[in-house]
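First structure 1, then structure 2: two forms of the same chain, each alone, as structure tokens.
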Structure 1
Amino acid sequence: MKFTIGWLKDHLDTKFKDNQIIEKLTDVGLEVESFEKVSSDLDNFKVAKIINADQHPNADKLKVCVVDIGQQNTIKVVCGAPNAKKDLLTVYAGPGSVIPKNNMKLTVSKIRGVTSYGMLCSESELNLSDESEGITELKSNEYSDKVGKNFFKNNTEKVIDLSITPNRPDCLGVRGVARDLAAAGVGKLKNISNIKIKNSGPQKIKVSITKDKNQGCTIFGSCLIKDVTNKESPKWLKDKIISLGQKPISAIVDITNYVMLDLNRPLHAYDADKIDKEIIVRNSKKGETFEALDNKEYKLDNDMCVISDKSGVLGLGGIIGGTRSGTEFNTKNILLESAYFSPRSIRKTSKLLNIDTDAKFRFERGIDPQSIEIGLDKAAQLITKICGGKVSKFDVQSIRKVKKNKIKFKISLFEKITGFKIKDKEVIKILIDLGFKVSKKKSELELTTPSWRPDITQPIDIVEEIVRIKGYNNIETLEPEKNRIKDTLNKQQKLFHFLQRSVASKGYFETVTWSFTDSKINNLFKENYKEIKIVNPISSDLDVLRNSIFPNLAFYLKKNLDRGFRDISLCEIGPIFKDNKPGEQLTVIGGIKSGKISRLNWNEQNRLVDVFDAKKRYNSDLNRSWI
């Protein structure tokens, strides 16, 4: 989960410094993986000023520009743009930069005999617009004091990367993170007002959810937005999308992505004119196909949750949309979807088809079923603001009521588990800040859990919420008692320990090798045991569990001989397997020796390892181990 401090402050009123926020995130259980600038190729693009633009000596349509890029020396760039002229503020890309539009990497090059250091870029080359006639013209009142600075300024904002545990889908949205921080005392969570958008007229496309077996979709909210002009996103929105390492596509797509990252509310936009009459949410039939937005064609099985119209499948609900109904720059009318899909259904379908998308990741962990209309509202507001258009009333179909989850919580459980006490008042405040509805009855709290927390189902979950927000540093460190109720090792474990060190003390290097091995080598040693295949081995030469301790020892002995070592003694103590059931294993110790017992030197004769060395080892150890 990535976001910037600036984005966090859209939801959180705080005076805390960046590093304090970072620390607090980890303290409440939102582990910060990194907090750094996303170094991107875009850092190479600088605001520049043309000092002089002279005619190229050898080409009529080229100019040789002397450019100020905020460094001590100006540089020379050959440029073909008709609008390149003295005093123009524009965007300069140095050698090594990669042009966003065509991924071309710039080098220092000679153009008709004049050396050019980099390039002045058009808006089209920067993916800012389709404008490719001439280089970008920056307004002098905005940029005149920014010569030499990075052009893509938001890229330099540091990005927080959180590792969100699978129980916290709510924190896959910036608002969820802000809420946790506010509860922990880092400022105040800003209100998001209720539905603000002015709706007019009904949503004319009929939506129905069929009552199929294990229907994966239980709520489907939508609104129609008519007469929009889809375009490139404004800079602030692009910057937000880019800062997270994603690629801006179009205003409508960027807005749906933005709302998903902001509120953890996935949305989908359809080109309404491409929908054949109505929307039917149903289970798929085996053999149905559709082309998804990743440009792959998927063949569906029975009972996958699909969004369809009269002509067929439009998309896989909560996983991926289809190309047939996708929005494009010329899209005029859109249908916006905000739905709830069950984690189980999402997981099953995405696994069968092997699709991984951002939406799938979120629905699989559990989306707030109460965020349907808030999501539609926020997206519709942004779309009308940027693309214009008129919004219909929200249509919400649902086949099941959202149940409120209530928990009775004895406050004393907190101390019983954590070993320390906090005031009832503080317990209640933390829970309210996290979004619980609380009513107190003597020493018990009656709680209604927030709809965005599918992970909270029982009293122990409440203990965890309170203690993580209060801080684990409040838990006392109790000295362990030093009394023993049972021997540390049993008889077999003592034997294990003895054999291991006894064999090693006779010149063997103890090794640890995989419990699996190559079936080809294993077959030489397995005797009467059954071959135990691994269904998904890490590689084809580690495909079975070992039936003997020797396959790996022999394999690694050879490897060492190949490395040029002589006179090697290896041993291993560990499991071998008789069958693929729990408990069908033996612990054995095996040794292997190769080369010469002694090499010719001033006082000894050469002697090869022979069977009598093995015999001695075998006898002396077994005698001493009471077998």
Structure 2
Amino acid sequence: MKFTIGWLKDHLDTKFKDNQIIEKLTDVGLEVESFEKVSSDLDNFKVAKIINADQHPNADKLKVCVVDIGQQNTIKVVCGAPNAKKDLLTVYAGPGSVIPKNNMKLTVSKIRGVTSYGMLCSESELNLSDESEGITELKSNEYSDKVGKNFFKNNTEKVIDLSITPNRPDCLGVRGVARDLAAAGVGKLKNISNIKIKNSGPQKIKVSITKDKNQGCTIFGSCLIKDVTNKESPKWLKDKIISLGQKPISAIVDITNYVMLDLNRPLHAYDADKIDKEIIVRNSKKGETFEALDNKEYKLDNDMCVISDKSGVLGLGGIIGGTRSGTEFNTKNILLESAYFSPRSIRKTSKLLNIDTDAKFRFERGIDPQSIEIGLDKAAQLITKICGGKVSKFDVQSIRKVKKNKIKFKISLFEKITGFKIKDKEVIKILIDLGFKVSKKKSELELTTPSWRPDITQPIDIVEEIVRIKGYNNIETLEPEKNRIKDTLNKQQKLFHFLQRSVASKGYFETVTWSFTDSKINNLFKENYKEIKIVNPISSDLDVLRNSIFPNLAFYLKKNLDRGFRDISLCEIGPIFKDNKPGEQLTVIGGIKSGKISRLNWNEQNRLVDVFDAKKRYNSDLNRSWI
């Protein structure tokens, strides 16, 4: 998740300095990967000095210049400027640079038989003035000590890059990050500006959600915006998009991307004039195809959630739109979509089709189902402000009610788990600041979790929320007990380590893998155990808890074989899962072998490993395989 401090302050009223904000982000569990400026195309333009300017051997009006570009690097540039001469300070653009005046991208090229590495630029080419007769001449008293440095100043803000864990989808939007910081005392969360839009009547394009089995869309909100003038985005919007390393496309597309990053609310804009009669949200049929905005054609399987009209598929719900209904600069009327798609549906479809988009990344982790109208409102405000147009009333279709998750929380549980106590009033304030609805009854709180936090389901989750906002540094550090009389390990732990050593002594290398695995591999080993799907997997190919120790062992055995390793013996000790209820798991140990026996033994003929080798070595001194 990337954003700038300035963008953060659109939602957070704070007097904290940048480094204090960065430190507090880490304290509340939002790991900061980096905090630095994003490179610009103009960073490729360097102050340079001409060392020599010799006549081109095959052209009277060209010169071959030896140019110092800093850091003891010199290159050759063929130049036709009359003022190119020895010791001149000028501006150099290397291969890959894009000239501001004409957007020409430079490459290494041969000019009359001499290879030229980039070019020396005139003021006109740099959009500094209309002067195009010669290359830029820089004053020696100002630039003599700046050879090799950037000619243009990078005025972009520094960008914060957060590593967001899968359980925090709310922080994939800038407002979610601001909310956490406000709860931690960094500032005050600003209210979202509520500017009433004048509605120009009902949304006239019919929308229906079919009640198919496993329907992936439960809410579909939309509004029609007529008579827009699509154009390039204003500078402030372009700067926000560019600061994240993305390329501005058009005002309408940039606004939908901006709202997604700002509020964690993915949107999609259709050219309303390209929609055939109505919008139908349904499951796909095997063999249907459509061309997506990434210019690839996808062949669909059964039960993929699609947005369609009377002519066919317009897009994959929550993943990617199609070219047939895409907006362009000549688009006059748009249908704006704000919907809720189930994480399971998004994950399944994107995995089968191998599609990865920003919207998919957010929907598969869990979007706030109550942000439908907020997203439409914000985007409609910006579109009418920048592109003009008239907005219809919002049309929200729903086939399922949003359930509110309620938790009863005993305040004493916090001290029991963390070892320190805070006042009841502070507990309540932290929870309210995080978006909880709180009702106190004696020593117990009745909580309604915010709709943007699907990960909070039980009292222990509440403890985690309070302690991360209050500060993990409040947890007392206890030194290990000296001269301990009792055994450090219990009987089960001793057996665990004994089994590790026993199998390792037979030549097996121990592996440590995830407790989850790919359902396709798991099905080969699961026996009669129930498949346990993960609601919010960290990766689309790690979607179930393993029913056996062997799926991951087999996967990594193949991975090593594919990389050229031979004669492999791997083992692992860890949990397998029979059901999703507490206690329905076993700790087991397993081993797997591949390759040849005695491959390098001069005294014995080599042969392929078989089941008896594994049995003899693995079970020779083990009489149980679980604890």
Partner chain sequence: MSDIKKIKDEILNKLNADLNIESINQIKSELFGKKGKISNSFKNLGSLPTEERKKFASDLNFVKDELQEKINKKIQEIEIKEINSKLQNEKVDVTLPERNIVQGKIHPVSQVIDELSSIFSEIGFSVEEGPDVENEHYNFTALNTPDNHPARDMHDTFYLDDKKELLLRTHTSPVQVRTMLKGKPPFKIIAPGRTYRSDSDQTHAPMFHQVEGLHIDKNVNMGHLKGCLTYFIKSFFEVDKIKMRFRPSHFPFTEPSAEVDIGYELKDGKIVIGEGDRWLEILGCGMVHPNVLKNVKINLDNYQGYAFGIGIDRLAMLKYGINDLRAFFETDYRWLNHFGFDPLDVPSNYRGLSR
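Each residue is numbered by where it sits in the sequence of structure 1, with counting from 1. Take the two forms, find the largest set of C-alpha atoms that superpose within 1.5 Å, and that set is the rigid core. Predicted model, so just to flag it, every value in this text is computed and none were measured.
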property	result
Form predicted alone - structure 1 or 2	2
Threshold 2 Å Cα movement between structures 1 and 2 at I432, rigid core reference	no
Core fit, then N58 C-alpha moves 2 Å or more between structures 1 and 2	yes
Core-superposed C-alpha of D27 shifting 2 Å or more between structures 1 and 2	no
Core-fitted comparison between structures 1 and 2 - CA shift at I485, Å	7.7
Core-aligned Cα shift of V98 between structures 1 and 2, given in Å	2.6
